[in-house]
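In structure tokens, the next block holds one chain alone, the form predicted on its own.
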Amino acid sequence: MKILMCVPNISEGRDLELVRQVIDEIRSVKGAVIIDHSSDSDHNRSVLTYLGEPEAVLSASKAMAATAIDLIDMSAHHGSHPRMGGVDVVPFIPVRGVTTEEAVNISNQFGKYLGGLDVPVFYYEDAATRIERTLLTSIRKGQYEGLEEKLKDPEWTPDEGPAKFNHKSGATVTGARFPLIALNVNLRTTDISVAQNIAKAVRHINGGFRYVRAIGLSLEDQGMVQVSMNLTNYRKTPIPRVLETIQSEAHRYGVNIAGSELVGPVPLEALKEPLKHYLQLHEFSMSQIIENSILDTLE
């Protein structure tokens, strides 16, 4: 059985009834199974995760996007997380029996559909049509507020859809990628500069870890700040290495970690290094996990 996963991020995390309507559209598609969804009011963003056969996932993604575009008005959107569209980013991730090329093809079909709804669409990661569009951060630079001017630049002609500003829906980024880890670390301080400085210390663009992207955000409702990260290759930059660095940097400012959170599901393999590191299980094998062994026997 081929399994493809999709993890769209939509720019609404406060109106939970709206989010429910979008989720219901996904659930209405036979063969698409939602395995996780979370909404953050500070970010004003929801992350939805579903999987299934590639064609079912494509159908669910189209239904999800059509409803979200209809319901979300970006001109009234405010939140702490960077964004450029109501359907902000839609990555397709091979899970089992699906090649990268197949995932790219699905993302292209989705992009053409969305472009047909008058939404500018950019392809990224493995689906990128230009090297400068590989990274989401590069495409999203300037966010929604800078999108109108960005689209006037021929260098930023969308891959699909019109090269004109869609006031209501903004633009969408889609493509295929390796499963990333969305990891947030909350700090017991209201000083946003602490989170921003720690983000600089761990992210690649400022000399940190090669496979870490990070920003510092304010969590006003919780009276804390956050280092919000994407670990784009957990095999090459394991979770414990990043967490230990954040803790060390936080101590420099006399700040404690309040807790961390994983946004959305993660591959079982990604938890191997935390187990080995924090339990000192130097000889640990993934075959020791009962459920993992059961899955192996079913293949």
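Everything quoted here is computed from the prediction, not taken from an experiment. We number the residues from 1 along the sequence you see. What we label the rigid core is the largest C-alpha set whose atoms superpose within 1.5 Å from one form to the other.
The form predicted together with another copy of the chain is left out here; the points below concern that form.
Original post:
Just to confirm, A66 within 4.5 Å of another copy of the chain in the predicted bound form by heavy atoms?
Top reply: A66: no, not in contact with another copy of the chain in the predicted bound form.
**OP:** Using the partner position in the predicted bound form, report whether A250 sits within 4.5 Å of another copy of the chain, counting heavy atoms only.
**Re:** Close contact is absent here: in the predicted bound form, A250 is far from another copy of the chain, nothing within 4.5 Å, heavy atoms only.
Original post:
Is there any non-hydrogen atom of V95 lying within 4.5 Å of another copy of the chain in the predicted bound form?
Top reply: Although another copy of the chain is absent here, V95 would touch it in the predicted bound form, with heavy atoms inside 4.5 Å.
Original post:
Within a 4.5 Å heavy atom cut-off, is E291 in contact with another copy of the chain in the predicted bound form?
Top reply: Judged by the heavy-atom cut-off of 4.5 Å, E291 is in contact with another copy of the chain in the predicted bound form.
Original post:
With the partner removed from view, which of 66-74, 270-278, 22-30, 40-48 is the stretch that lies within 4.5 Å of another copy of the chain in the predicted bound form, judged by heavy atom distances?
Top reply: Going by heavy atoms within 4.5 Å, the stretch is 270-278.
Original post:
Is any part of 245-269 within 4.5 angstroms of another copy of the chain in the predicted bound form by a non-hydrogen atom, and which residues would that be?
Top reply: Residues within 4.5 Å: Q247, I257, A258, G259, S260, E261, L262, V263, G264, P265, V266, P267, L268.
Original post:
Taking the rigid core as the reference frame, is the Cα of V29 displaced by 2 Å or more between this form and the one not shown?
Top reply: Superposed on the core, V29 moves its C-alpha less than 2 Å between this form and the one not shown.
**OP:** Inspect the rigid-core superposition and answer whether the C-alpha of N186 shifts by 2 angstroms or more between this form and the one not shown.
**Re:** Yes, N186 moves 2 Å or more.
Subject >> in the predicted bound form, whether the C-alpha atoms of P94 and K276 sit closer or farther than here (change of 3 Å or more) >> reply: Here the pair is farther apart than in the predicted bound form; there, closer.
Subject >> Outcome for the Cα pair V98, L268 in the predicted bound form, compared with this form (closer or farther; change of 3 Å or more) >> reply: Closer is correct, given that in the predicted bound form the C-alpha spacing of L268 to V98 is reduced by at least 3 Å.
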